[in-house]
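The chain that follows stands alone, in the form predicted on its own, written as structure tokens.
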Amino acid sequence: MTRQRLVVANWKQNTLTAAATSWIRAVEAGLDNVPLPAGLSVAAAPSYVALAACRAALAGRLTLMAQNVAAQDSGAFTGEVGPGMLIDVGIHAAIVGHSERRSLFHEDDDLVGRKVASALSAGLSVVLCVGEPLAAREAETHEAFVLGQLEAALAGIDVSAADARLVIAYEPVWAIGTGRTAQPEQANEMHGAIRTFLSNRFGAAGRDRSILYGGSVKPLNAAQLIAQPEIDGFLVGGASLLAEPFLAIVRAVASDGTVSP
């Protein structure tokens, strides 16, 4: 397996169906003018209720993923959406362990690990999010914090069997929705630590894992970030809500750090 590049638009709890489908059409039209190199994919993660409409609007340049997935496939779990339900409506990927799920909805490492295992077992692709709060960064325990999250989430997971279906996203919590961004060198350093951990734990299957950066990614900082050797792409939040800023970020990744006008 070789490292792949990926840019994901995570809309969070935003965008109604009409705006969501307009975004899909606008971005796919924009991608017609972007020469995407081999190994670069672009995805969007709408809300659950917009997934079907967005899928119907697709022309084939984008893929879709869910923003979350349950740790079990079915059962008496009111409000949950299991992996099989996503597959049933044509969705084959999900974000797991986003910092907002962890902090606002109290998803702990054990639950995140069960979600990863359930999703991969069902055949879904997974973007597994890890990242430290400001207190860990200031105490200089950020690396241990993030690697601890990885250790818990991947306990019992056969990473080699997951192949390219498992992607890691590093999102420093202190740089999400705050306007602050980790310096490119800081982000690259943590990506390198993650890659070393994965390599030591899983060998080649870990070393070649794609690792995305998420944390106030914008067109103005995307070029500097993607130029770092350990960063393989982005999980984009607020800057993904409008088509043009998101396309600018995709262009930065496609051109390996040069943002076109």
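One rule holds for the numbers: they count along the sequence shown, beginning at 1. Note that this is a predicted model, so its numbers are computed, not measured.
One more form of this protein should be noted, the form predicted together with a small molecule, which is absent from this view; the next part is about it.
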{"property": "Interface residue in the predicted bound form among Gly177, Gly156, Gly90, Gly75, criterion: non-hydrogen atom within 4.5 angstroms of the small molecule", "result": "Gly177"}
{"property": "Sole residue of Val236, Val69, Ala222, Ala45 within 4.5 Å of the small molecule in the predicted bound form, by heavy atom", "result": "Val236"}
{"property": "In the predicted bound form, segment of 58 to 66, 32 to 40, 224 to 232, 211 to 219 with a heavy atom within 4.5 Å of the small molecule", "result": "211 to 219"}
{"property": "Contact test in the predicted bound form: His98 vs the small molecule, heavy atoms, 4.5 Å", "result": "yes"}
{"property": "Arg25 within 4.5 Å of the small molecule in the predicted bound form, heavy atoms", "result": "no"}
